[in-house]
Each structure stands twice: as C-alpha cells, then as structure tokens.
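Shown here is one chain on its own, the form predicted alone, set out as structure tokens.
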Amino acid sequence: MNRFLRTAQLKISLTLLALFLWLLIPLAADEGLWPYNLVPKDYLAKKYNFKVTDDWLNHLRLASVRFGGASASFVSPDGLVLTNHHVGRGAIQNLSTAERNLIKTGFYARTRQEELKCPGTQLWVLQEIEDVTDRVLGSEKPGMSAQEVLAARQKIIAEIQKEASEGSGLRGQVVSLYSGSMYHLYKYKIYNDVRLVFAPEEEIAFFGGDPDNFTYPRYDLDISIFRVYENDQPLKTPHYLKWKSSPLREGDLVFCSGNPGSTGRLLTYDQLLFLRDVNYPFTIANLKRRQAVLHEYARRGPEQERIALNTLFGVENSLKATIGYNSGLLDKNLMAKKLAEEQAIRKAVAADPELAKEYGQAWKEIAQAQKEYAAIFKEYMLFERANAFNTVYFNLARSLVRSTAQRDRQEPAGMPARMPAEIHDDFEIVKLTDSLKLLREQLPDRQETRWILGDRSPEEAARALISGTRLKDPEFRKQLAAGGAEALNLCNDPMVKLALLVEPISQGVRERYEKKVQAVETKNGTLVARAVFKLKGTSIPPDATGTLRLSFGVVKGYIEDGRKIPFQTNLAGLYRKAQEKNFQAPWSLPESWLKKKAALNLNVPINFVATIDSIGGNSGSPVVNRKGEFVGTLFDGNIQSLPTRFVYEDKISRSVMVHADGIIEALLKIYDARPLVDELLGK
C-alpha cells in the first residue's frame, strides 16, 4: 500500500477514534452540575440502581437555598438554615463591633429572642423552572448581526423576567444554558428576615487558614446556622433536610444541591488560551498586590485586623482558586485533551456540508473575539469592572450615576450597590490608594489617568476623595437619587465627580466589549453548542451559571504520591495536627476546644471527601444520601479539583465536606447547644 495513503488512513482512523472517545466521555464518570429539570435519571438508575423520583427532586430543590453567591439548606421545619461559616461571615462581620467580635468569639442564641437580625441578608429558594428557549431564540430574525441577536435576546429576556415577577411575588431570572442554546426561567421566593443562630469561632471554622485552604486532609467546623422569619415568626416549611439516620461509609452514593458559580468546560480552545495568557495573569497579579496591602493594614492592630479579615479571606480564597484554575490551563496534557476534543467535533462538522455551512465559522469568529477582548482587557477591568477604584464609596457613586441614567432612559434599574453595615475610612483609603497605583502602572499614558491623579500621588488622591465624600450619609444619597441627573451634575462631592468622569470611559469600553466580544461569543457559542447537540444531545451537562444544580458522586479517598488519603478525618486528627503545629496560628484552637477536649469522642469524623462535581459557589451546599438525608455540607475542594473548572476527573479530584456527625458532636460537647441539636435531629 502507498505510504502516503497508509498515513492518510491512519490520520482518519485516529480522528474517528478521538471523536468516538469524545462522544463517550459523559458515560465514563459522574461529571455534571445538572439543572434540576435535566438530571440524568437513566444514568443514575443504570450505574447506581437509584431511581430518582420527581418528589425526591422537588423536596431537595425546595430545601436548597441560595445564600449570596453561595449555597445553604433548610434543616428544620422552623426555618433553620445551615451553611458554611465563610459563607455567612459577611453577615456575622456586620453584626460584630470592636467590643463584640463575633468572628473571633463565635455566637450562640440560646433562645429565639436572642437570635440576631442580619440586615441586608437575602436567601433565595427556587420555586419553579420553565423552559423559555423557543421564546428567547424566536426573537431572532434571519440575517441579524451578532449585536442584533444579543440585543433581541436581552430584550425578550427582560420582558420574560418582568412578566414572571409581576403579581407573583417571585423573582424571575432567565438562565442561559449550553452557551445560549437553551434558556430556562427560574422563579425564586426571597426571604429578607434572616437571623443568626450559631457561629463557631473562626479558629475552628477556618482551622489551618490560608495554608490549608484547598487542601485535604482537613479539620474544619466550617458551618454557621441562621433562621428565616416570615411575618416576624420562624418560617414553617415542610421542605427541610432530616439528619442522617445511618453511618456514612466509603463507597456511599451522595448528592450535592447548590449554586456553582461558573465552569468553562464548553469554552472553545481559543477562549481557554485567552484565560491562560491574558485574564488569569492580570487577575493573579492584582489579587497578590491586594493580599499584600491587606496584610500590611491588618498588622496595624487588632481592630484593623478585624476590619480587614473578611476582605482578606475573600482575596486569598480567590487568589488560590485562580492560581489553581490556571494550573489546569498550564497543563500541556489538559490543553492537548481540550484541543483534541475540539478538533474532533470541528472535523465532524466539516465533513458534513450542511453542518459546515451552518456552524463551520463559529470557532473562527470566537477566536477573533478573543483578540478584540485582549485589545481592551485592561481598560475593561480597570474602568468598567472598577479595579482602579476599589472602595465602597465608588460603588455607591456609580450606582447613583447609573440608576439615574437608566431612570432617565426609562430602562429597568440594575441592582443597587449594597451598603455595608460599617465603613472605615482609613481602610477605604488603603484600598483606593492601591487601586489608583494599579491604574497609574497599567495605563500611565491615558489622559483619564492624568485627570484623576493630576500632580497628586495615589495616596494623596485617595485621601482627598475619601475625606471629601458625603456618601456615607443616607440622607445625602437619597437627595442625590431624588434630584436625578441635574443634582448629580451639580454635586461637588469628589467621589460622585469621579464616577461621572469615569462613566463615559466605562460606557465606551463596555459597548465595545458587548459588540465585539459578548455578542460574538453569544451568537457563535450557540452555534458551537448546537453542533455538539447534533452529536451528543443533552448527555453532557451545561456549564455552571451560579444557579441551582444537582451533582453526585461517591464517598471515596484517593492516592496521592503513593499515599492513601482517607475518605474522612476525625477529631483526634484535629488535635494531633494542632499539636504538631505547636498550636500556633492558623493552627491554634479556641479556648473552648482546649478546655472541653476530654468531653469529646475523638473518633467522631469532622470532614470527609467525595467525588462530587463542584466549583466555587457550591460552598454551603447540602450533601445528602439516597434517602435525601443531610450527611454534611460542602465547604471546599482539594487543590487537584481546581482544574476541573475545565476538565472533570475523579481519580484524585475531591470535594470536601463538614461531616454531619462532627457538627452534632461539637454542638453538644463544646457549645452545650442541646436545644439546637434537638431541633436539628427532630426531637
């Protein structure tokens, strides 16, 4: 046989093999952050002999809670909600003062009268899901440009959300799935009266601190407990998770119900390259500098440490996560796998004239959009995303400017900036100084940079802006909001003037991003997804969108560097590790845990791992067994799980949970919280 012919046949065979294997990937592992109306029931029945019923799903969905950008669950018929300490820490921090630092000391309300209201905290519960794909995609007309497609979809989505909210008392949110190939309307009930019931001391909630974050074995009681009230009475709900009634064993099937933030498993190869080469390096460098500035501020004294702690936690968590995500994109094997998958589908499309005509250009247009994004990325991040103006005062000023403009254009107003319970001007000056330094370093030749700074140093400019603003005064903000554009334009407040100066720049770069990047990705991402549907249907899960999803896996340890990592850790291991570290922070233990060690059963598990698919936003998610009983709450993943943002694997990647038994043991023996335990156990 001709050598060239044999080579060509070999290439064809390898391509077909790659495509065949790619088509089988969803059948090989428990991958998936599944919308509740797309749960793979047949797969679960075949692999695990578990029949998922609609009643089972509906009960778990209605017991699941969105807590800010994370997750939680109802765990009693009287509205108790359990989540992570680090999810609830913003509310806990807002209830703290210099004299009563609840982050440090913890809190337990022994009676319902002692439960503390959490101003500004909202909990969302998903009531209904409706497929509105035909209505959204039906808004497009033949021959529309990418920008026109985006505008048409946005218009009909706004209408659908408005209709869903009017008269129902629910909040409507249209969710885009499969890169815009499918749209679902989610209807939420929102609870605004939320009260703190229990929070442990941070030393045990975040034992090991940043060094142990995204690691395993772990020993954290990362929980907090709240209660929802309605009409000033504890919420009565039939949909809550009962505590597990049998031991948790390795190999057990478990389910996670939460709100994963975002994954990029359906992104094109060029989109991954943009993240690796442009987005992540900028983000990592910015987070590192913020981390250093916050540590420096925290070293000024105990009160400064308290003020900075919540922000510092968020920065360090984001930094470690982003480095982990990027490690996947720096992995040649992972990128080769993603490239092979894309080449297989593109070759399959190219081989079919009809598919090639409809979908063939999608990948190229997305690639061009990444070049457009790279050209404006710094301006977009610094101005539109406000990385150059890192202070709550700028957020308030921008919110006023934009809500006024939207009102004048008779457009629906966006979400107002959240007003913190406390604002510390010295802290705001430190943050703003650092971000203005970033602006000067990244865009030194921009005229706007010179307008903002003038002859002043970043610190001088920050001090003038913070000391001169009156935005802390709620009455002043109300006057500006009522006065509209005229009041804003005539206002001498320096922070408002800064927001007015920045807005045209932000609008320009935002419009270019929407036209050249977002619109192109929306239109062509839909085409890519449709091409995939031709071959795989919905056997692959959609990327995460910060909305409620169900994932599943098994309780299972793993092998790391030849060492068997156990599926669970216990309280004995907690004390052993603290002793190995000489009880030095961040491995110190609260006084309560030192005094009451003898009362504990040290064999009780505190954390465990499972092959559950998860990502940021799943923090606080309830984990349940086949009976739908609460077995733990997800609070982390190991470091090996971070690249699963792009490619799922379950050989060594694990989600990390607080064990239900450890929660009860601590509440009883350390915190003497018998009434709370009785409520959790249904006694």
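Fair warning: this is a prediction, and the values are worked out from it, not measured in the lab. Each residue number is its position in the shown sequence, starting from 1.
Just so it is clear, the following notes concern the form predicted together with a further copy of the same chain, a form of the same protein that is not shown.
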{"item": "Selected contact from L500, L267, I129, L102, since only one has a non-hydrogen atom within 4.5 angstroms of a further copy of the same chain in the predicted complex", "value": "L500"}
{"item": "One residue of L312, C118, I157, I452 in contact with a further copy of the same chain, assessed in the predicted complex (non-hydrogen atom, 4.5 angstroms)", "value": "I452"}
{"item": "Which of 102-110, 211-219, 194-202, 508-516 sits within 4.5 Å of a further copy of the same chain in the predicted complex, heavy atom basis", "value": "508-516"}
{"item": "Contact of L490 with a further copy of the same chain in the predicted complex (heavy atom, 4.5 Å)", "value": "yes"}
{"item": "4.5 angstroms heavy atom contact with a further copy of the same chain in the predicted complex for D445", "value": "yes"}
{"item": "4.5 Å heavy atom contact, L465 and a further copy of the same chain in the predicted complex", "value": "yes"}
{"item": "Heavy atom of P504 within 4.5 Å of a further copy of the same chain in the predicted complex", "value": "yes"}
